[in-house]
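In the block that follows, a single chain appears as structure tokens, in the form predicted on its own.
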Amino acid sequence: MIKKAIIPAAGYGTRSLPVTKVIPKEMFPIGGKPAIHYIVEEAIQSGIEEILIVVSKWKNIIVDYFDASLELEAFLEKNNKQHLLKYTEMPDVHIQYVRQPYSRGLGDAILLGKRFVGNEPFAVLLPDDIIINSKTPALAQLVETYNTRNASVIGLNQVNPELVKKYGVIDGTSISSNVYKLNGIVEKPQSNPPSNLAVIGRYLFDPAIFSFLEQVTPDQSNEIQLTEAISKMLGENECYGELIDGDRFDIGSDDEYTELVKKFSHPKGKK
């Protein structure tokens, strides 16, 4: 069973500047709740019992959000506004935090969770990606495949060929209508992509991934790339990709964030 998850939330949010100078993109409002709230809810619905959120020193607002609001609760009680107390309730899950001292990429953020994970399989959920309108929560879809294959699984989405260069892209062998065995993976291919199957922000890893992350040499931006660690892992361990059912929105994209907010303004958008 997958009981632990890491949510990396320490990035600068450069795609959404200047607002992310003061409001982390993880706290962008969607239907009255911040984006990261939906990610935590998805984790819980997928069987996760412990979450590690990786933050940076300027993102204490995330820690504050999931903390108890005793003063607010007392104010609502005193002013006969008990009907609003439901908005102070937080998801029922154990949450821990760790700071990423330097912005060294997604791979480094995941490495910070090595002690938290121990020797257990674990999930990684990126709060940029909100997935709605799926019959089964996105992460839970991967859990089913992990339990069947007993190997790491990453979430996939078919994208238009002209957008492939923005994503990690897999070379895979189809083993069912929506599951692929990975033969290779390339980060943001600028030409000759191996497929149009792009990696999105849901992963289930065997703890062996940490040894491969530790082997990765930082790139020109001094970042440790998760894609390179996955590529190294493929030489020794099987890994699968699964097309995730549901509508995926990247909240770092102004257009997609706006579209998502509009969907949540209509009751049918909330699933």
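Worth saying up front: this structure is predicted, and the values here are computed from it rather than measured. Residue numbers run from 1 along the displayed sequence.
The next section is about a form of this same protein that is not shown, the form predicted together with a small molecule.
This chain is displayed alone, yet in the predicted complex one of Ile95, Ala140, Val117, Leu126 has a heavy atom within 4.5 Å of the small molecule; that residue is Leu126. This chain appears without its partner; in the predicted complex, the one residue of Val179, Ala151, Val199, Leu111 with a heavy atom within 4.5 Å of the small molecule is Val199. Looking at 63-71, 210-218, 225-233, 46-54, the stretch with residues near the small molecule in the predicted complex, meaning non-hydrogen atoms within 4.5 angstroms, turns out to be 225-233. With a 4.5 Å cutoff on heavy atoms, Phe205 does not count as touching the small molecule in the predicted complex; it lies far away.
Mapping the unseen interface onto this chain, Gly168 counts among the residues with a heavy atom inside 4.5 Å of the small molecule in the predicted complex. When the small molecule is considered in the predicted complex, Glu77 lies well away from it, no heavy atom lying within 4.5 Å.
Heavy atoms of Lys263 never reach within 4.5 Å of the small molecule in the predicted complex, leaving it off the interface.
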